[in-house]
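Next comes just one chain, in structure tokens: the form predicted alone.
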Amino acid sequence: MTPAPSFKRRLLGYLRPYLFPRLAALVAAMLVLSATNGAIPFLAKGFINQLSGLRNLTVVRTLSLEILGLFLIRAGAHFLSIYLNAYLVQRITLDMRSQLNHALQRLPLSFFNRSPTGAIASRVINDVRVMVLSLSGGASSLVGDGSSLLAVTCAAIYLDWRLALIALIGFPCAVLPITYFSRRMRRMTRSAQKQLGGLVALLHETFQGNRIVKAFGMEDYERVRFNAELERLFRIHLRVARIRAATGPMIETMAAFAVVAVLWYGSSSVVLGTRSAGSFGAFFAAALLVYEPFKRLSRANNNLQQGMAAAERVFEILDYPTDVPEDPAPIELPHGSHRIELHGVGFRYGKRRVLRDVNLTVGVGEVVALVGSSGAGKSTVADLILRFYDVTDGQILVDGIDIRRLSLASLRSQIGLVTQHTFLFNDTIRANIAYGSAGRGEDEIIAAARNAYAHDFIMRLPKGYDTVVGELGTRLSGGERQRIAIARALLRDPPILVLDEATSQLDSESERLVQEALEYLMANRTTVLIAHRLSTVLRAGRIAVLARGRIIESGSHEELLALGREYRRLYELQSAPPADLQGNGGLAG
């Protein structure tokens, strides 16, 4: 994605909160350092002239004290510049990561479906780090080394403009290759950041799928695959290193020719008596001082290019358009009982049509089950009600209001979600149950766990409710994770429920217990129930059968069996002995 026209202004915008006093103090410290660099040749001139005559030791001592004072000032300015630069780097890094995380939290589900988790994490951690370090280092060099170069150049011209012309004549020759190297540096840095993101994504995928890797004996395959990605990253970094390595020697070579020319011409004039040794020594010191900031400026340019490449990747996320936009004047959905209606709903994933002309009404307190074979679109209906995606055609209404006009926060605050793929955070059981229900007390958390039939197994754990469940809840069984998720929904006490195969991970005993909890939970609540187990479907007031993205049948369990069509076929498949199923599925999806 091409950076926005205000790209550089946006970068500078991150400095605005720190303009005064910290940034102002940093710039002042850099200018003091630059000024002291410009003063060094003049002190050297007086010192050399006094030494050459050895007539007045008092003057030499005074000059020595002046030099000492100058370097003490430099030391203080140097400390301030390093400390304040570090402060600004850390603050801006914190601000940028916070803003990036805020943007990511608001991005649509489609973005995360298309983007590897590791690559996203790499942008937040690595790209921001490279961006801030490179840009801050480059900007500091532009101010510090740029002003130092200017001060020393002015001093050199003031001391001897003829020698200055000889010393500085090579500078313009370095501009063209530096510009060429800059373009290549930005392209290669962008490639390196992308490759590193892919590497982190590969690591994340391998660690998440570690059970499968071990079960299939693919450790060596994953090692070879990772090493191949490392080798690609190594080659990119090597190309970047070649550019960095070429810049310094090019300037050193240019400086060598200039210094030799100044030595030949200047020493001849000293011998002939047309120029004093002090004047020549002072100018020679200035000439040597000129090249060091110029060399640092060329390195700073490389850093800036790296930072700009990383910034482009960061701004890609910050500028990523949402396909679930908030209404400019959103309506707040009040807490209470609600009615859901789907009118002519259609939806596409890219070019693939998933739903077409779906019409469904779920009345206040009604339980409607969606069933169908895998890929029929049942879970997509749930995602659309929660507005993880927006409908392609038609509309979804809550109490007669198009959900696109409702604020996302108020809509989702009214919905409790339990899915077949239970997600628990690497935190305590207490925190996982209370997630999304801030301010609930200990008694309420325990009551929710009891109603989900989770309290007993929680109390058997070593730390009870303070037990950390591990990443994705791996320290708990599937059924235990599911009951924690149901307790989370119970604690939230929402007027609308979306249960996406909420009992699919439970054994028969746990399912019986949780079904009782779900019946209590669903009482007087508007419920969309996606299920394949008949024990759950039978409890729905109405069943809608989805096939090829359409609702083809709707009615009670008995009515649909009597029709003898799709629902009956699915019912008989699930009721048949396992040997007769032959992999045809059931009501799962």
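Just count from 1 along the sequence shown to find any residue number. Keep in mind that this is a model prediction, so the values were computed, not measured.
The same protein has a further form, the form predicted together with a small molecule, not shown here; the description that follows concerns it.
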| query | finding |
| --- | --- |
| 4.5 Å heavy atom contact, residue 234 and the small molecule in the predicted complex | no |
| Residue 379, heavy atom within 4.5 angstroms of the small molecule in the predicted complex | yes |
| Contact of residue 160 with the small molecule in the predicted complex (heavy atom, 4.5 Å) | no |
| Residue 420, heavy atom within 4.5 angstroms of the small molecule in the predicted complex | yes |
| Candidate stretches 450-458, 76-84, 317-325, 349-357 - the one whose heavy atoms come within 4.5 Å of the small molecule in the predicted complex | 349-357 |
| Heavy atom within 4.5 Å of the small molecule in the predicted complex - the one residue of 127, 480, 145, 501 that qualifies | 501 |
| The small molecule: the contacting residue among 117, 253, 210, 113 in the predicted complex [heavy atom, 4.5 Å] | 113 |
